[in-house]
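Listed next as structure tokens is one chain, alone, in the form predicted on its own.
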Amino acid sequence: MVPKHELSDFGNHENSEVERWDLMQRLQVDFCLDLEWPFYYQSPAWHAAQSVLDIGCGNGYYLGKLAERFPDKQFTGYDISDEFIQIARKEQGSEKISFGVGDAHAVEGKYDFILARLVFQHLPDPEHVLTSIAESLNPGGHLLIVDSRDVWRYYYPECPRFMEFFDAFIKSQLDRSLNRDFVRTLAGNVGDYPTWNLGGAWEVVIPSTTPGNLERFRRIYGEVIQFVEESETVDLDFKALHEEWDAWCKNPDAYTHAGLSIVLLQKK
């Protein structure tokens, strides 16, 4: 069966899909950002950087948040989706922030600091992308990678059907050569990449107890379930899954947390 669309397909979309992805990206940023700020503030490399590139910037919402907090830098965002870049230019474009359509292999210019946030889990060729990113960095420049850490996923009360669903989704991604665990293992394998030194590696747990996060989480994963169901790439009892998920979302005592893997690399 040919999938209608894939969760990891970030090319051109129908208008309704653009709206859904746009919302999802904003929710993901707001869900995680408070626990990402410390890695910017405590990083001498970040404070020293004058030019910043965001690879896979999507709608530019995240880059706009960075520019508000650190107005002394020049920001550029690239994404393969023309629709998202149009949104980014309309909402975030300014003298301090510019955007271009393309992937890591199409970047023009050199930068002091490059971001790749929730990108590597969607790449079939992460090693090749690391090489391209290195070519876009100034000597001694840094790459900050932020990606999902799936093993930290937890739900109270338990959601066995959702966990089964997510395991099946991860397997479907692996079948497409998309490794959601690549970034977690990268820190221990930096020696395999002669261009890079390890600047640091961290794992972060993001709890639903942060104000607003429980509702964001419910909306994000409601959309994820819907996307995967529509893609027809996972064979599950989606009716039973929806029933379990709806019951969990209505539970006033529900709790969850998710995880991030964060790796800082320096170009040799």
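Heads up: residue numbers just count along the shown sequence, starting at 1. Everything numeric in this text was worked out from a predicted model, so none of it was measured.
As for the form predicted together with a small molecule, it is not shown, yet the points below apply to it.
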Identify whether the small molecule in the predicted complex is within 4.5 Å of every residue in the set Val29, Tyr62 and Leu118, based on non-hydrogen atoms.
-> yes
Pick from 96-104, 175-183, 69-77, 159-167: which stretch has a heavy atom within 4.5 Å of the small molecule in the predicted complex?
-> 96-104
Quick one: from Ile87, Leu143, Leu130, Leu123, grab the residue that has a heavy atom within 4.5 Å of the small molecule in the predicted complex.
-> Leu123
The small molecule contact in the predicted complex: Ser136, any heavy atom under 4.5 Å | no
Gln92 near the small molecule in the predicted complex, any heavy atom under 4.5 Å?
-> no
Gln25 near the small molecule in the predicted complex, any heavy atom under 4.5 Å?
-> yes
Mark Cys57 yes when one of its heavy atoms lies within 4.5 Å of a heavy atom of the small molecule in the predicted complex, and no otherwise.
-> yes
